[in-house]
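Shown next as C-alpha cells: one chain only, the form predicted alone.
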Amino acid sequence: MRNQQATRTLFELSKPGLRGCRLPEPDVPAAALHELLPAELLADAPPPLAELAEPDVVRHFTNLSTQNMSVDTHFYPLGSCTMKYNPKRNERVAQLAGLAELHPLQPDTTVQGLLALLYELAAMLAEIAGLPAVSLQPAAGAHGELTSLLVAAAHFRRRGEQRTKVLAPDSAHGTNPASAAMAGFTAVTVQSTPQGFVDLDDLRRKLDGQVAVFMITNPNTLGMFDPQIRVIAEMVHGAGGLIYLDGANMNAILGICRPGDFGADMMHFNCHKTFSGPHGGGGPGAGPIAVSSDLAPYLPVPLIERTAEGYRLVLDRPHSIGRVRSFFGNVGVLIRAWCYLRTHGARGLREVSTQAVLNANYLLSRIQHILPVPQGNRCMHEFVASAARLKAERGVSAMDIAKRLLDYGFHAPTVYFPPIVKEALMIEPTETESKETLDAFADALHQIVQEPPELLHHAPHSTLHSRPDEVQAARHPVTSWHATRPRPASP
C-alpha cells in the first residue's frame, strides 16, 4: 500500500474541502484582493492547488522518501562527484540561530562573527590551494569555473591582449568547455595519450598567442595524477597563457600537494563535494575560487577585509569583475565547509585524502579482473573500469550493470564518462566508506557479471520503475504536472 501511495501525486490524492490548517479570524478589516493589488498582478482564477489534510501530505512525502537513494541510506560510489558522508554536527552548527537567522542586508558591525568565520575559511582555502587570494561568492563548481575565466578575461583586457581560446583535455568535465563558451572564449580540445595523460605534442601544436587558459583536472577524470603537470604549466606560461585547475578532484590531494605549487594560476573548490556540504539534485553548492596575486585585483566583490576595528565587506575595487552572486553567495554551505576544515585540521585533511586513495585502490584491486581498468592497476581517489569486453562477449553494457546494482541496494557509479573509455564505469568510494561496504559492493559486481544477460537487460527489478526512456526524457522533458494531467475539479 505504501508503494502504491508513493506513485500517486498530491493532485491525485486531492479532495475538495480537505485542509491542513485552520486560520484564525483576521484581526484587521477584511479587504478584497483587487483593493490591495493592481489588477494586472491578479490572475483570472485561483491556482488549482491540491487540497489535502496534513497526514496525507506527511505520508505522501514520507513514502516518496523511501523510494529514494541517498548517501545516508546507501553506498553512493558516484565517480567525480565525491558523494561522501556528511557529518551531521556540521549541519547543526550551520542551523544555529546566530548564523541561520542573520539577514544579508544587516550592517557589517552586526555580523562580525560570521564575517570572521568566512574570512578564516578564505584563508584556509588559500593555504590548501597554494594561491593567495580567494573569493567565496561562486555558487557551484561550474560557476567557479566561469568566474575564474571572467577573471582571466579581465586580466588580459587590462594588459591589452586579445586572447580568444581556452584549451581543455578530452578527458575534462563537460563544464570546462561550457564555461569557456559562457565566458566568451572558443573551446579547443587537447588529446590524451593512451595512458590517459595530456598529449604534450598535441598541446604544443595548439598553443599560440590566442590561448588564454589551459583548463586541467588533476588528478584527472580517469583518477590519475598527471606527472607532466609542471611541464604543462611551463609550456602554457611560456605562451603567455594561464593554468586553471578544476578542483572537482581535490579529495585526492588535500594536504599532500597544492595546485599553486605545481603551476596553477587559479582554481575552484567544490565545497559541496570536498568539504561536507550535502549535495545532489542540483544544489545548493559553493564553488570558491583561489587565484594568484596577479589575478587578485579582478576577483568579484564583495571581499572581506580585516581592519583594526573589525571585519568589513569591501566593494570599492576598481578592476573587479563585479558581483557574480547575490549578497555573499551560499553562506550555509560555506559554514559547513568551515566546520569540516576546523574539525580535521591540516593532518586530518591529509588523512582524508590518503584514506580516499586507499579505498579506491582496494576496490580497483577487487574488481579489475572482471571489469578491466584500461589505464592501469593504480589510481588516486577514483578509477574508470570498462564493460567493453563484457558487452562484446555477452552483450552486457555498463548501463545494464548500473541498473542491476540498484537491486543489490547500491547506487550506480557514473557511467559513460569520461567518453575516452568505452563502456565506462567511473567509481569513487570516498574516504568515508568501510572495508565491509567496499567488499559488499565488489561482491555484488562479481555476482552481476555472472547473471543471465536477459535478466540484466531489464534491471532493475525491485524498484517502482525499471527503465524510463532516457532519450525521450532528455529530448522532450516534461517539466510541469499540468502538461500531462487534467486539473482537479473545482469544489
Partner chain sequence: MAYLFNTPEDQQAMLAAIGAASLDDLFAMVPRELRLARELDLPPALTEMELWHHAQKLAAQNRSCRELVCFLGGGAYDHFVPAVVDQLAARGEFYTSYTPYQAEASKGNLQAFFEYQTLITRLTGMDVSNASLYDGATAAAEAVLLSLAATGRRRVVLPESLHPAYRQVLATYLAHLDAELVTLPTPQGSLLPDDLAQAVDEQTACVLVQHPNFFGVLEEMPALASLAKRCGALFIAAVDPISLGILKRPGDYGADLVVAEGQSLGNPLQYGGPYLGIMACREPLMRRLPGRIAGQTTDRHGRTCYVLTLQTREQHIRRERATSNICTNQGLLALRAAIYLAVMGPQGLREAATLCLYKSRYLARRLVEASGGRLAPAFQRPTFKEFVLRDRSGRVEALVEQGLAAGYLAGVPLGRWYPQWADGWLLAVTEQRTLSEMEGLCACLAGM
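In this text, all values refer to a predicted model and were calculated from it rather than measured experimentally. Heads up, when I say rigid core I mean the largest set of C-alphas that superpose within 1.5 Å between the two forms. Residue numbers count along the first chain shown, from 1.
Beyond what is shown, the protein has a form predicted in complex with the partner chain; the following relates to that form.
Arg389 falls outside the set of residues with a heavy atom inside 4.5 Å of the partner chain in the predicted bound form.
Although the partner is absent here, Gly255 lies within 4.5 Å of the partner chain in the predicted bound form, judged by heavy atoms.
By the criterion of a heavy atom within 4.5 Å, His143 is counted among the residues contacting the partner chain in the predicted bound form. Interface residue remark: Ser293 is not counted as part of the site for the partner chain in the predicted bound form, having no heavy atom within 4.5 Å.
Just one listed stretch, out of 389-397, 239-247, 260-268, 203-211, contacts the partner chain in the predicted bound form at the 4.5 Å heavy atom level, and that stretch is 260-268. Taking the partner from elsewhere, every residue among Pro29, Gln112 and Leu349 has a non-hydrogen atom within 4.5 angstroms of the partner chain in the predicted bound form. Residues of 167-202 that come within 4.5 Å of the partner chain in the predicted bound form, judged by any heavy atom, are Pro169, Asp170, Ala172, His173, Gly174, Thr175, Pro177, Ala178, Ser179, Ala181, Met182, Ala183, Gly184, Ala187 in sequence order. With the core held fixed, Arg467 shows a CA shift below 2 Å between the shown form and the other one.
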